[in-house]
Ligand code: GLC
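Presented below, as structure tokens, is a lone chain in the form predicted on its own.
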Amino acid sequence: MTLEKDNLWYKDAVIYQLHVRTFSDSNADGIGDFAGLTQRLDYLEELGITAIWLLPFYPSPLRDDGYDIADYTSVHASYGSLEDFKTFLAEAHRRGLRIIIEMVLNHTSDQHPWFREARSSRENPRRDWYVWSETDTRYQGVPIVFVDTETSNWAWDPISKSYYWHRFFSHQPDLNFDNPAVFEAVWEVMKFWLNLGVDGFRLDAVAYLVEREGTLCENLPETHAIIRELRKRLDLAYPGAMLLAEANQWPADVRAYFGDGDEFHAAFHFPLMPRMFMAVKLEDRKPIIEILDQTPEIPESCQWFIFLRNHDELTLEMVTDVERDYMYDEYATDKTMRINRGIRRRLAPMMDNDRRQIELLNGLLMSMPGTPIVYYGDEIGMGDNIYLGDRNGVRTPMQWNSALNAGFSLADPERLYAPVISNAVYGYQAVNADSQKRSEHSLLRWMKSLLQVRNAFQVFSRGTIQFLNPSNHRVLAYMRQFGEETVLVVNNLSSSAQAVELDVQRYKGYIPIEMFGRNLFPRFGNSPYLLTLGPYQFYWFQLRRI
């Protein structure tokens, strides 16, 4: 299987997000690497995902899990070499899997040679590659991102005796995009990886690229001008490569990052995710419908990327104070589970390991408008370790089998970069890919069948959505439509059985075919269509005129 030439591939993709460090260790040093990841590509191909999003793998002091980059054009020694990356890329492409990598444009590590030069002297040619000030009073009122750890967006540099600007951690100085040399350097970095064959970039923290006095230093017109220039160059030299925006904003604000189809190809839909969890806990469809009603139309070539969980905390920035308190009360009763403005937990523990709820949420993820992202390990229901610092509780080794170290590594357990989960409920003896492959009724086998159905129909990735509004508010029902494909999705958000009457008058005479068993249900007639659903049950129906 080889990659098909399709410049809109990202619209039909199912993304699998992983950290090289967490996935598979080939040399028994306790740290995952590219050689180990390459050996696991068959597993990912069989799962049914079509693209892999890699967290940062660059040389780094790892004070922010690799988002503090010290060299943009190399591989961290723990993960292997550039040759190992090239082998991985070729093997992924051979299986038809595309590769999306991180590009952190906003800041570097303070260990990056650029910053070392910039701070070495005020006369250094690279001095102006970063944002400096004699005082820490410029850009007043700009919010601090990491309120848990930082007290200012300025940090004092004792070497050059001045302040530098950082929107994130103080060891991550912001690049100065008012300097054209910085833009050119960044473009050279992107060309380096594109020439190797990567298929796309997730651009980290894009809202913060430019600073202006009297603003919040977010979403500025100058930032959009930078993105448009990047996109123009990309389309000219590397058609088919994709830019994904990490702009943690409301959908109406993120809309600007698509431009007229001339900025980002795709962007995360952050506010949808907490509302899927809220809807299930409240047993009410309202949070989901409300946020999608507030989501603006985007250009035809663009796409939202959606997810349930990822490597960061479940962010609660895009909710009201009341909603945030509710989410904390329901999903993070232990204060240890909270960080910044969010919840640092995996999907299965958040659902109390209730298989029905886990399936429902994945069903929602795969049938909502957009490109879905599966976080590594969630396909087998992995647990988390809330007692590990920062956000590392959801970044523990992948659980492959019940052997030593969950089959992740042959190293002594003490050498692992993080301990494997070993408790009675989520421990690797109970939860691992190997045993789930062998069980017909496992979550892994169920996820494979879900992805198989999703990948067979473009209606899920490209279709319109129209909500039905039955009187039973515990049922979320919607029509997805694309070309000749029409699908009815019905979800019971409740912990008890529900009956629902659906107004499908428009589709009178159609027969609904249940898409997982291919069973025919009674034909739609003149009357409202009556369905009963078990607790957290959902149906996908393909509508056919037979």
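From 1 onward, residues are counted along the sequence shown. On a predicted model such as this, the values are computed, not experimentally measured, just so you know.
Below, we refer to the form predicted in complex with this ligand, which is not included among the displayed structures.
Only one of R202, H166, H112, H265 comes within 4.5 Å of this ligand in the predicted complex through a heavy atom, and that residue is R202. Checked against this ligand in the predicted complex, the residues Y67, Y43, Y507, Y478 give one hit for a heavy atom within 4.5 Å, which is Y67. For R391, a non-hydrogen atom is located within 4.5 Å of this ligand in the predicted complex, even though that partner is not displayed. Not displayed here, this ligand is kept clear of R309 by more than 4.5 Å at the level of heavy atoms in the predicted complex. At a distance threshold of 4.5 angstroms between non-hydrogen atoms, Q303 is out of contact with this ligand in the predicted complex. Of the heavy atoms in H107, some are within 4.5 Å of this ligand in the predicted complex. Stretch-level contact analysis of 286 to 294, 355 to 363, 166 to 174, 231 to 239 against this ligand in the predicted complex, using heavy atoms and a 4.5 Å limit, identifies 166 to 174. Looking at this ligand in the predicted complex, residues F146, E246 and R395 each place a heavy atom within 4.5 Å of it.
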